[in-house]
Structure formats: structure tokens, C-alpha cells
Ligand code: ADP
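For reference, the chain that follows is the form predicted alone, supplied as C-alpha cells.
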């Protein structure tokens, strides 16, 4: 029997595989499904082994680390007995398989993505060569240094997919989110990876303001054709803060034509903005349409665990060690973006350098006293637990018990989440209230509640009502 089996076996396997896909799709958001699972194909399903074909190694590694257990559980619902799931890069030989042991071989050196471009026209005097020939990329903004969590893993994974196979997966890739959430980091990470993998290819990474200024310069010096020729011979175009095109009709027209030309050639385009395409004011509809051609993904505010991981990483970069209670303290008070977290670490470091003392919670409180907005009403866990118990109709003793039934575990985790959000207690202190549980249990409870909120808007609304009832700021 060949790898795919006989026609009858394949038909039966294909039917079961489609049922598995249906089970998976019902349990996830539409964007997550479109980004990942629409690229899956059945390789074979026989003798308890399900082989799934994926388009490249990045997909393979991501499925193995993020979706393996979910796919296996869905598969076992539609067959008798256990299922071994193997993720295989399509059109590659056996050694590329990433099985349940998680082993992977080293990546081969990629072949050139495009035919080398022709030489660009010689610049006229005053031409801003540095915009195209010496693209400034921050070497510290890499995928390795980007801390991922539920709030940003979709954008991160999409950026990795583009860097692995530019012009193939998502074109354009449009990343949007508020200030300080990591958009620029991801853009430069794509640029760093592209330069590493395709050193002979041309890349241009600009802010929208730089693009506009270069175009205005070309207009003023009768160099528009040279501008177009040079820009349209890049293989990767990255534009940060594309929302600054708003109200610039002539520049919008030029970018529209550049976009069309590069897209027709299969060149990769990556854009970032503080808003989704349809929410950018005074942006021409045909540009909005083009920006929506590929994948639009959002960076959201980092959740507690991600903020703590970012703080630990930033502290290491600044050459300072933060005790766990200091990390928890900062993460509890600085929630909006990564720049706030970085600024908080720098303030603590500066205070430690001045005082020459040990970094502890007291020092952190002194360093950040002027930047922390304290809640107007002090809340304790007893008050929070009482509100949660009243809603779920359980007793406070149930929350402290060892019972793990859903009717108890859900309100317990909701109470942990609110205690983490609305009090200044450490994870250990919160765990102590809930029957002497350790800090990892509290973190798990917070994470599960955040996950449920993303999947169920009704829970997010409930938490809002509970905060109002508690008088939380």
C-alpha cells in the first residue's frame, strides 16, 4: 500500500478528516481558523496514525507546539482508539516530520525567492539613497526577543509566516494595534529574518512619514520616475504607521500604484497602523480594499502573564534582576503597553543605582510612586469573593475547598482573576486565601478566565458588572 492507501481507505480517511476539521472549527475563532487550519491537508490516516500535510516548517513547528493536543483530541472523537498525530511539511521527505517526540531537523539554506532585480536607475543629485540602499533595522528587534502570549500570538505567528515564505502566505500582512504593543518590533523582526534568509534580495522598510517625505522630495526635484523605479524593484516593502496616509490624496495615489505593482510581481508587503484599514479616517476605499486582501491581525494589550514575561526580559536586557514580587507589582499597575513596562523597569533601575541598595518591593514602590494611579476604593478578597459567590450562588468555603467541579472551579477562577486585577496582593497572598494554593494555581486561574473572556463575550460583560458592583475604578 502506498503512503495514501487505497482509494477506498483514503475516502474513508478523508471523510473522518473532514469531521475532525468540523470539530476543530467549531471550537475556535474565525480568524484563527482562517490563519492556520485552512492550510491543512490529509496525508494519510491508517493504523492509528494521522499524518497532516502543512505548507512549510514554520507551520509544522507551530502546530506541534500549539495545536497538537487539540488536533489529537478531535481526531480521537472520530475513530476508535488512540491516534498518533504527525505534522509533515508537504513535498518534503520523511526526516522533515515533526512527530509527537517534537524533534526537528535544522532548516536548509533557502533558495532565492526571486530572480535578482535589475540595477536601479542612477540617482540624481540630492536623492535620498539611504531610504533604499541602507535600510535601518534595529538588530535587537528579532522574533527571538519578542515575548508572545494570547494577546499577540496571532500577529507574531503571521509575521513569522511572512518571514519564512515572503509573498506566499499573507500578502499584504496588515498589523494594527495601539501605541507601544510591539508593531514596530514585529516589522523589524521580519526585516531581520528576511535579510538573514535572503541576503541578495532588496528590502525597504520605512515609516509612512519617510515614504511621504521621499515622495515630496521626488516631486520637488523632478525625480518621480526614479522614485518609482527604485521603490518598485524591492522584494519586501515594509511601511510602519500607514495610517499617516490619511488626508494625503496625492501620496495615497502614489502608494496605491506602488502597492499594485509590487503585489502583481508577488513581492511581499507588510504594513502597520494604529487602526484597522476600515477605521483609518480619510483613506480611499480602494486602498482599504487592498489592505484587506491579505491578513489583517491585531495586537492587543498584554495579559498579566505576558506582562510579567516582558518585565523579566526587559530587566535582563537592562542588567537588573527583579524579584518575583516586584515583577508582580509592576505588572499589576502598568497594563496599557510594553513601553510603560520598559519605562517602569528603567525607573526601578535608576532608583537602585542612586540608592545603591537591593532591588526589593519597597524600592520599587518608591521608584514608581509618582506614576501609579491608586484605586479610589481599597478592595479585599473577602469583598470580591462575596460578589462572585452571590452571582454564582456558591459559598466562600467552596472557593477555598479542593473541589474541582466546574460549578466551583469557574467562580473560583473568576474570583482569582478579579483579586489579581483589583487588589495589590501578590499571587502567593491570593493563593493563600483560596485554601493555601500556590502562585502557579492562581496564574492558571487568571489565564483560564482571560481565555474564557475572549471566547465568550457574556463572561466579559459579567466581569464588567461585577467591577461596577464592587465600585472598582
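Everything quoted here is computed from the prediction, not taken from an experiment. Positions refer to the first chain, counted from 1.
If you look for the form predicted together with this ligand, you will not find it shown, but the lines that follow are about it.
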{"property": "Stretch from 251-259, 354-362, 381-389, 172-180 whose residues place a heavy atom within 4.5 Å of this ligand in the model of the complex", "result": "172-180"}
{"property": "Triple contact flag 141, 310 and 339 to this ligand in the model of the complex, non-hydrogen atom at 4.5 angstroms", "result": "yes"}
{"property": "Residue 290: touches this ligand in the model of the complex, heavy atom cutoff 4.5 angstroms", "result": "no"}
{"property": "Non-hydrogen atom contact residue 146 with this ligand in the model of the complex at 4.5 angstroms", "result": "yes"}
{"property": "Exercise: residue 304 in contact with this ligand in the model of the complex, heavy atom 4.5 Å", "result": "no"}
{"property": "Interface membership of residue 297, this ligand in the model of the complex, 4.5 Å heavy atom rule", "result": "no"}
{"property": "The single option of 235, 230, 185, 160 touching this ligand in the model of the complex, heavy atom within 4.5 Å", "result": "185"}
